[in-house]
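Shown next as C-alpha cells: one chain only, the form predicted on its own.
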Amino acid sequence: MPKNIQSLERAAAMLRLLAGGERRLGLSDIASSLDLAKGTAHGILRTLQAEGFVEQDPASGRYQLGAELLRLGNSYLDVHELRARALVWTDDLARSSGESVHLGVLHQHGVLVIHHVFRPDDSRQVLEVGAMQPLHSTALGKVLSAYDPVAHTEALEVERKAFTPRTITALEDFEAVLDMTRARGWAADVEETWEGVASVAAPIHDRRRMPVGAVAITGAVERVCNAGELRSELVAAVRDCARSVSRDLGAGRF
C-alpha cells in the first residue's frame, strides 16, 4: 500500500486545527498541538500562507484560515447546489425534447460535465458525468466563454483544436461567435466537435447574476436540426430550462 505524504498530512492536520478553534493560534500553540518542531510548523504555515489557505494577523502574528479555503468551499457548494437545483428541470428537458441533457461548469481550461440525463429511449448510452469538453467548439463551452470572463480568457489562451472541418479556430471568428451567443442568449455546436452530433446550450446564472454553468441538449444532427438549422422548439426549451434553474438559484427573471 502506498505511503501517505507526511508533509501533506501535517498541512491537513494544521488546517483542521485552525478550523476547529474559535480564536487565532500562535506558532507555539500549533506546533505543540500537533507535536511538531517549531521550524517544521513554521515552514508548513509559510507555504499555506503563500497559497492563501492561511492568513497571519500582522499585529499578533497569530494564524487563521485564509480566504482561498473559503473560495474553494464556496465553489464546491456552488457546483452541488447547481446540480441539485437542476435535477428536476433537466429531467423535464430530456423528457420533452427526447434528447440527452448535459449540465456543465468551467473547470481546468474546459467544461466539466456535472450532470447527464440520458435520452429517454431504450438505446445504449454511456454516462458522461466527469467528462471534459472543450471550450471553443462545444455549445456548453461557447456559452461559458461568452458569459464568464474567466472562461473567455482561458478559451483564448488554449489551443483551439479543429476536431472536424466545421470547428471554428480563428480568433476573430471565435470572438464573433461569442458576440452572437451573447446577443441571442444561446450557443450552438453543429458537428463542430463530433461528426453527426449537434447541441444547443444556454447559460445559468446565480443570485448575483453571475454565470455558474450551462445546460445543453445534445443529439443526432438529423433529430436536433431541421434543414441545417437547430430546431427552434429545442432552442426555446433549453433556454426555458436555463431560466428555471437560474430562478431557483435566486437569479430572478432574465
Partner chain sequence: MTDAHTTTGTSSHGAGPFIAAIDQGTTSSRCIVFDRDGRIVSVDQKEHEQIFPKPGWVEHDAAEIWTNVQEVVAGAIEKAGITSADVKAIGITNQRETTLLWDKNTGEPVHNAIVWQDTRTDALCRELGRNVGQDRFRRETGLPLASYFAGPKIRWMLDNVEGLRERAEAGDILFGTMDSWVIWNLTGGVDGGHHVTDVTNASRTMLMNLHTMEWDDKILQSMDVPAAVLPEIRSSAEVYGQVKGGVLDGVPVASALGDQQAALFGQTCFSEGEAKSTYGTGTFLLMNTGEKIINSYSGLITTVGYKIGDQAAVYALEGSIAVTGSLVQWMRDQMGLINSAAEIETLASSVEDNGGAYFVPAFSGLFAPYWRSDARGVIAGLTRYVTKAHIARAVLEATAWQTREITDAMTKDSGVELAALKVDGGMTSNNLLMQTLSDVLDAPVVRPMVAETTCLGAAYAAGLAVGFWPDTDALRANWRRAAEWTPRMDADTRDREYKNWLKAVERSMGWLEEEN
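Numbering follows the first chain given and starts at 1. Remember, predicted model here, so these are calculated numbers, not experimental data.
Omitted here: the form predicted in complex with its partner chain. The next part is about that form.
task = Check each of 170, 84, 176, 162 and return the one that places a heavy atom within 4.5 angstroms of its partner chain in the predicted bound form.
result = None of the other options qualify; the answer is 84.
query = Can you pick the stretch from 136-144, 94-102, 180-188, 153-161 whose heavy atoms fall within 4.5 Å of its partner chain in the predicted bound form?
reply = Answer to the contact question: 94-102.
ask   = With a 4.5 Å heavy atom cut-off, would you call residue 123 a contact of its partner chain in the predicted bound form?
value = Yes - in the predicted bound form, heavy atoms of residue 123 and its partner chain come within 4.5 Å of each other.
query = Is there any non-hydrogen atom of residue 42 lying within 4.5 Å of its partner chain in the predicted bound form?
reply = Although its partner chain is absent here, residue 42 would stay clear of it in the predicted bound form, with no heavy atoms inside 4.5 Å.
inquiry  = Given that its partner chain is not shown alongside this chain, does residue 107 nevertheless sit within 4.5 Å of it in the predicted bound form, heavy atom to heavy atom?
reply    = Because no heavy atom of residue 107 falls inside 4.5 Å of its partner chain in the predicted bound form, the answer is no.
ask   = Can residue 239 be called a contact residue for its partner chain in the predicted bound form at 4.5 Å between heavy atoms?
value = Residue 239 lies outside the contact set for its partner chain.
ask   = Taking its partner chain in the predicted bound form, which residues of 99-128 have any heavy atom within 4.5 Å of it?
value = Read in sequence order, the residues that approach its partner chain (within 4.5 Å, in the predicted bound form) are 115, 116, 117, 118, 119, 120, 121, 122, 123, 124, 127.
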